[in-house]
Ligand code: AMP
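Quick heads-up: it's one chain on its own, the form predicted on its own, in structure tokens.
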Amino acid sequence: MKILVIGSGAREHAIARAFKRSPQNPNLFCFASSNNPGIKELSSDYIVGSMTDTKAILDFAKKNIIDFVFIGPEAPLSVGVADVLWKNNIPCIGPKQSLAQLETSKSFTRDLTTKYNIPGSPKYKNFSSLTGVKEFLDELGELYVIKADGLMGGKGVKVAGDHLHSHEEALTYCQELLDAKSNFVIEEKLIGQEFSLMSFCDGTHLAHMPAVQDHKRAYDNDEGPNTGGMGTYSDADHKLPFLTENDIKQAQGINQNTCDALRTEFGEGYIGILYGGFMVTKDGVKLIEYNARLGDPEAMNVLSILESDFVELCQAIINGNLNQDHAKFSNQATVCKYAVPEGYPNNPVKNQKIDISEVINKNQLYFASVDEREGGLYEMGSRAIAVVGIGNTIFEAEQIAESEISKIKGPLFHRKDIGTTELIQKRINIMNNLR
């Protein structure tokens, strides 16, 4: 079995590890955007190229007679890499370009949920000019969010109260987006707690993953600028401490409704990962946005406790006979923390040496933006290394993650509070007060 993984971050390192645990013992290949020593070590062939170079990706897949491809990041999905692979009879885990609009276009997703009466959408409007913006902001008052309508690496969203403190600032941001040739969506700001619920999807059937909570802010206590994600946790019962069984069912239902709507809309199924970003509010579960691939860091949480054969799971997705039995997860809690360069995200230090020699369990280290050169590992300016702790409780998993990440030496920092009892209790209190 020959499998090609596209991408070279910690998410793809987790994907590669999950494949390597399969009893089918597949041969791994990687088409990467940079040198990831962790994935390279697991791969029979590893080349670096552009994530949007469809021809180079196809040539590499053909040359190595690849059985199927797993796409990690969003960039290849946005340019139709999946379309080209399927056209050449190479199955692909990752949706075709039109279906990937679920992530690449915020307005597409909102309009889809409206058209098919999918529950969980906030009040919203799409804009391609400033016409009507002031009036809609007046209608929403101080509860609004402005989202660039396109891929912005998780940084195109500004929230009232957090990033924007007046309607004047909001209008200025809208003009900045228009100047950058980006349309935008303005929607009602939701109050509650965010969580991620990802589902494997074969175009018709879903197999759900455990719920995970991400932490976007750079510093402890949810302070500082937004990042790609500083860390995540999941609970042993696959819920989260502030979620009810019904909340999970609502989120799973929205994912299923979206899968059905996409098949109706395009006449073909969405094949890959449906990653719903949700907010649990006093009025139930609301959909914030969709991503069309595994989350980073969320992939590290769920794949590290996947008990099923990942190759078999992907074959079920490709063959269209997926069910929940293909995606079994151990009843353990996980905490993932990212070590990032000092100054991240705005002015990160680069090309500084880091030392992981004291880390005890290197199987739960996931390399992201690092390079291996003579004399060791160097961080490259973005999130460097993720560490996952696995335990019977979140508290136990957090202690393991914290102990291990503290052993990484270099000009790095991490959030010490992710997965701590204090932070989780805050989340529980917020929801208890809201409900």
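Start at 1 and count along the sequence shown; that's the residue number. Keep in mind that what you see is a predicted model, and the values were worked out from it rather than measured.
Another form exists, predicted in complex with the named molecule; not displayed. Remarks below refer to it.
**OP:** Could you check which residue among Lys106, His238, Lys96, His208 gets a heavy atom within 4.5 Å of the named molecule in the predicted bound form?
**Re:** Checking each option against the named molecule in the predicted bound form, the one that comes within 4.5 Å is Lys106.
**OP:** Select from the listed residues Ile90, Ile354, Val79, Leu190 the one whose heavy atoms reach within 4.5 Å of the named molecule in the predicted bound form.
**Re:** Answer to the contact question: Leu190.
**OP:** For the three residues Ala333, Ile418 and Leu423, verify that every one has a non-hydrogen atom within 4.5 Å of the named molecule in the predicted bound form; reply yes or no.
**Re:** Contact check failed for every one of Ala333, Ile418 and Leu423.
**OP:** Mind telling me which stretch in 287 to 295, 310 to 318, 129 to 137, 176 to 184 gets its heavy atoms within 4.5 Å of the named molecule in the predicted bound form?
**Re:** Only one stretch passes the 4.5 Å heavy-atom test: 287 to 295.
Original post:
Might Val145 be said to contact the named molecule in the predicted bound form, defining contact as any heavy atom within 4.5 Å?
Top reply: Contact with the named molecule, yes.
Original post:
Using heavy atoms and a 4.5 Å limit, would one call Lys125 a contact residue for the named molecule in the predicted bound form?
Top reply: Lys125: no contact with the named molecule in the predicted bound form.
Original post:
Taking heavy atoms and a 4.5 Å cut-off, does Ala218 contact the named molecule in the predicted bound form?
Top reply: Although the named molecule is absent here, Ala218 would stay clear of it in the predicted bound form, with no heavy atoms inside 4.5 Å.
Original post:
Does the named molecule get within 4.5 angstroms of any non-hydrogen atom of Asp222 in the predicted bound form?
Top reply: Contact check for Asp222: no, nothing within 4.5 Å of the named molecule in the predicted bound form.
Subject >> Stretch 32 to 62 - residues with a heavy atom within 4.5 Å of the named molecule in the predicted bound form >> reply: Result: empty, none.
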